[in-house]
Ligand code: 1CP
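One chain is shown next in structure tokens, namely the form predicted alone.
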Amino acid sequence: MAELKNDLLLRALLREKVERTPLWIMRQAGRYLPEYREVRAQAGDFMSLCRNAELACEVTMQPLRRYKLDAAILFSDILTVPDAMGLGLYFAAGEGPKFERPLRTAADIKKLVLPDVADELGYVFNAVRTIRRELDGQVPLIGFAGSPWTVGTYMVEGGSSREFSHIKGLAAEDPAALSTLLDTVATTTTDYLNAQIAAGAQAVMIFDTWGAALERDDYRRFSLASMQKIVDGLTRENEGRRVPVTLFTKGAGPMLADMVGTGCDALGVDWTTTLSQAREYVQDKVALQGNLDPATLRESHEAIRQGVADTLESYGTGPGHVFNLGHGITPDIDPDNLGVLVDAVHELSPQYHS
């Protein structure tokens, strides 16, 4: 494969010296871009877009044509894994993802069969290979998956949830059954991420959107332990380079200190924790990614620049910072406003790396 021309992201994730802070944006391929909406309409529906390697490649590349970003991220979804397990994923208009066959009992969980990742999820790896060819070494490609706890909430609840009553009930009444489910998802996710790496992903990230719905002891038991299993099983070197692993629990706060011991290389931080506080939690043992509030992108250009300046200042000097939002960019954002953010990071970050 083509030699990597810009390795700032990979170096920063490993806390190596960089000339400026690298950046990418969660959901950078998304509905805020008119060109994305055109391709999405062409595909017909979201999963058809994910399953078409050429179209998935096209939307992955779109933000790189507009902005000086330091990484591409695979266009896919965290629910590809339970979909491969036969739960009947579908998308209801205005309601988000749903499963036809949610797992409500220990008997349901026992019936789960580990999928053949290469067969059931081959379309994802085709997309990875297609994107790597198209990138031609321009920037690294990030692969990703959902955390077992977050994916498990969808599998048990049957869709999005605010209360998580079914899975929390399962945790209280039959924790062994829940642990079995999380172990099964962790095993499949490990295979899934390793196959992404083999296909060409140069860094991987695990998204734990709902980990903070658990109190700290349950977080360690159900969310963190299952992510730990994945980290332990990942391919950590490929194409002659380290493959950095980032964990992101939205709303982690003080639990960032618990996450350091997993052996990951970096932790994502949302906007509810300052980077200076996060740095204290992790004691510079791992890199940090984040963490501008996505709502800042609705404000004036001056406010966006100030938000970037404040985020960079909060992290401070030294290696180990990847600039990002604290969560995904929202569909209502003016694409020009993201350009202001990108330019500000390029302009303001070198002073922190002298």
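All values derive from a computational prediction rather than experimental measurement. Heads up: residue numbers just count along the shown sequence, starting at 1.
Not on display, but discussed next: the form predicted in complex with the ligand.
Between 74-82, 264-272, 184-192, 229-237, the stretch whose residues reach within 4.5 angstroms of the ligand in the predicted bound form through a non-hydrogen atom is 74-82.
Using a 4.5 angstroms heavy atom cutoff to the ligand in the predicted bound form, none of 112, 166 and 175 count as contacting.
Comment: the ligand is not present in this chain, but in the predicted bound form one of 68, 305, 40, 298 has a heavy atom within 4.5 Å of it, namely 40. The partner is absent here; in the predicted bound form, the one residue of 99, 219, 144, 281 having a heavy atom within 4.5 Å of the ligand is 144. Among residues of the shown chain, residue 209 is one whose heavy atoms approach the ligand to within 4.5 Å in the predicted bound form. Residue 180 falls outside the set of residues with a heavy atom inside 4.5 Å of the ligand in the predicted bound form. For the chain shown alone, residue 28 is a contact residue for the ligand in the predicted bound form, at least one non-hydrogen atom being within 4.5 angstroms. Interface membership of residue 315, defined by any non-hydrogen atom within 4.5 Å of the ligand in the predicted bound form, is ruled out. Annotation for 135-168: interface residues with the ligand in the predicted bound form are 144, 154, 160 [heavy atom within 4.5 Å].
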